[in-house]
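Just the one chain here, laid out as structure tokens, in the form predicted on its own.
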């Protein structure tokens, strides 16, 4: 029987790294799974609970197998996976294509097939696969291909999330390795300039992101507000407006939506951003099309992104990366809609959930500093 595609849209979930760093435990993962259900995140589409680096003992056992840290995970990893699965969620875990992980724990180099079988036996559904400490004589392309083969022979469907950081023009070849997502950026920080830099760096790579293999722009920092144990990520925090723009950008650019804050204690604004079904629907659209950038008039720090959606709709995002409010104006002919066609666009505001009616020829809005607007539009006769 032919199997369905493992990944039909960018994956959604939560990852421990941004906020909890090396303090990942059985209790943290299980209580986070509880929060995914309790806070409505599971119902909004989030499904993966991902354990990042520092979960293992520093050495393999006498059989060469990975061993979960006995203090952090006293029940073992299968018990954690079983708990997560009972909640209707999926478990993710971390490894690395090198001899060590980035934090110095055992990597999967030359252990790919035995590690994949072990992950499958535990009930793992997602593997974040990093790029540290691999031999310089071997390409990461070959090593990611090797782990893909190992996972496919493990007897379990396990999503492969290649954390490659954008080296060696990864966007040009990663799809051929069988990976389902790929990191093509440096690590994100909980700071507006980091969000801005990552987003701008990916504008020319949208054509390489599509159904089955998505460009992972790194874990969301929405709701962190400068809190967290990771000294590299927890820089200073962002405003709620900046977190909203961050989430909309990741949605428009088809990035996986992997939360990184402590969802067990998130505030109402964070919950509102992360569970916005109109924005999530743009990210999860079944056609998986990339967006394109349009010129705008006025502020050089403002721009417009347009993304074709299934059913004939389109998503239109107004963004202002400037430090002052900007007037952003869209002329429909820049989208390919001529004046002579007697067609207009019906606008639905994805952030306020208001219907704005049928617009002809152009549409404009004032966008606050570091802010955005997002609309779902459909063509209609005037």
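All values reported here derive from a predicted model rather than from experimental measurement. Residue numbers count along the first chain shown, from 1.
Below, we refer to the form predicted in complex with a small molecule, which is not included among the displayed structures.
Remark: none of the three candidate residues (47, 125 and 159) comes within 4.5 Å of the small molecule in the predicted bound form, counting heavy atoms only. Interface residue among 199, 102, 266, 120, judged by heavy atoms within 4.5 Å of the small molecule in the predicted bound form: 102. The single contact residue among 249, 163, 80, 97, judged by any heavy atom lying within 4.5 Å of the small molecule in the predicted bound form, is 163. Although the partner is absent here, residue 115 sits far enough away that none of its heavy atoms falls within 4.5 Å of the small molecule in the predicted bound form. Contact check for residue 187: a heavy atom falls within 4.5 Å of the small molecule in the predicted bound form. Picking from 49-57, 338-346, 26-34, 318-326 the stretch near the small molecule in the predicted bound form, with a 4.5 Å limit on heavy atoms, gives 49-57.
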